[in-house]
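In structure tokens, the next block holds one chain alone, the form predicted alone.
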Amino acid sequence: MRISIHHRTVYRYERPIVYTIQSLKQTPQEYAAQTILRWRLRSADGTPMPSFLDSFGNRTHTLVINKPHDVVEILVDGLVETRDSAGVVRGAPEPFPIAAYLRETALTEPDGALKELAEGCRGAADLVGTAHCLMDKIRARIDYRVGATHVETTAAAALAAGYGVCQDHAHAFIACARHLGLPARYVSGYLAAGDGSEVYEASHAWAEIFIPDLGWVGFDPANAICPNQTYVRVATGLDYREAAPVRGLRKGLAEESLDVAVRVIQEAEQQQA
């Protein structure tokens, strides 16, 4: 499947600020189930953005604006060819030690309720069954509700509230998996879920766990499926903070507003010939 992606992020300020620095993890890398046919990440004003590979293997660009400005606009335009691998990730950059993905973070630290949920899946026949059990239980306990949580909402808080978005589902899954001794990580990316007419306010997120003899395998608790050819995988980390599409700092006293528009389109079959 060919998937085209258009992602626009705009920060506006009520008065000019003097400095912005942002870390952008918006560039996917190839692996066995994903080929990048075209990808362009740019600042609307043409500011150069040098890049490097971070400790997780993510292509990371740095945007620095060191002059007065009242708008920061970041544009992504890409075309990716995907294949269904039943969630199994092979051939991706893997510089980070697998055992390090057992480490808890502030966003994924399990409380008693998360531990109890995880223990309810410990008796599955195998690790794949355990992961599917976790995915189903988390989706049943955390209703999908836009705008009810934020980027600093913890897995424990989302479970206690009973609602959240894909980020919260992923954090809860990761917390439970690590409690059971399974290395787990956060994944940011895109999902071609509709006909392409939808404009979203965010990209998508899911989780991966490491299963011996299979390697890293993706699970999307928000949709209760393993990622297939409709998913574009972009960045990974221990949690959202390390795989976020945009994170940064600014210098200047001004109210900030953020506008994000994401379109993910499945290209017509005749365009694939």
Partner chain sequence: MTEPAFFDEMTLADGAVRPAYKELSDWLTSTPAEQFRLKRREADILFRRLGITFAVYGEGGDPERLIPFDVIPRVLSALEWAYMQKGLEQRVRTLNAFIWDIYHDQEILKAGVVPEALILKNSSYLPEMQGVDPPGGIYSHISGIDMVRVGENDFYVLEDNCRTPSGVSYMLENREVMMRLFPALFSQHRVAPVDEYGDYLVQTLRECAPRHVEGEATVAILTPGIFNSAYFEHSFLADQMGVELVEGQDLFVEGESVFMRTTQGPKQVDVIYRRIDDAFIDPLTFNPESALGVPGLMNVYRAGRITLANGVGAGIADDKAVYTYVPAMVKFYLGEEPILKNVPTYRCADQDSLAYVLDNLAELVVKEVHGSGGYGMLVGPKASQAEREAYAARIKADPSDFIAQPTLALSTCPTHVEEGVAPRHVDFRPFVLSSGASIRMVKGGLTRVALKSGSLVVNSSQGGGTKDTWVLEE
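Everything numeric in this text was worked out from a predicted model, so none of it was measured. Positions refer to the first chain, counted from 1.
Separately, the form predicted in complex with the partner chain exists; it is not shown, and the next lines address it.
J.: At 4.5 Å by heavy atoms, is each residue in 89, 148 and 191 next to the partner chain in the predicted complex?
T.: Looking in the predicted complex, the three residues 89, 148 and 191 all stay beyond 4.5 Å of the partner chain (heavy atoms).
J.: So, residue 265 and the partner chain: in the predicted complex, are they within 4.5 Å at any heavy atom pair?
T.: Residue-level check for residue 265: no, no contact with the partner chain.
J.: Taking any heavy atom pair closer than or equal to 4.5 Å as contact, tell me whether residue 238 reaches the partner chain in the predicted complex.
T.: Looking in the predicted complex, residue contacts with the partner chain include residue 238, since a heavy atom lies within 4.5 Å.
J.: Just checking whether residue 15 would be counted as a contact of the partner chain in the predicted complex - the rule being heavy atoms within 4.5 angstroms.
T.: Outside the cut-off, so no.
J.: If we define contact as a non-hydrogen atom of the residue within 4.5 angstroms of the partner, is residue 95 a contact of the partner chain in the predicted complex?
T.: Close contact exists here: in the predicted complex, residue 95 approaches the partner chain to within 4.5 Å, heavy atoms only.
J.: If the cut-off is 4.5 angstroms on heavy atoms, which of these, 214, 37, 44, 53, is the one near the partner chain in the predicted complex?
T.: Checked against the cut-off, the match is 53.
J.: From the candidate stretches 205 to 213, 218 to 226, 243 to 251, 28 to 36, select the single one in contact with the partner chain in the predicted complex, where contact means a heavy atom within 4.5 Å.
T.: In the other structure, the partner sits against 243 to 251.
J.: Across 78 to 103, which residues bring a heavy atom to within 4.5 Å of the partner chain in the predicted complex?
T.: Contacts from 78 to 103: 95, 96, 97, 99, 100, 102, 103.
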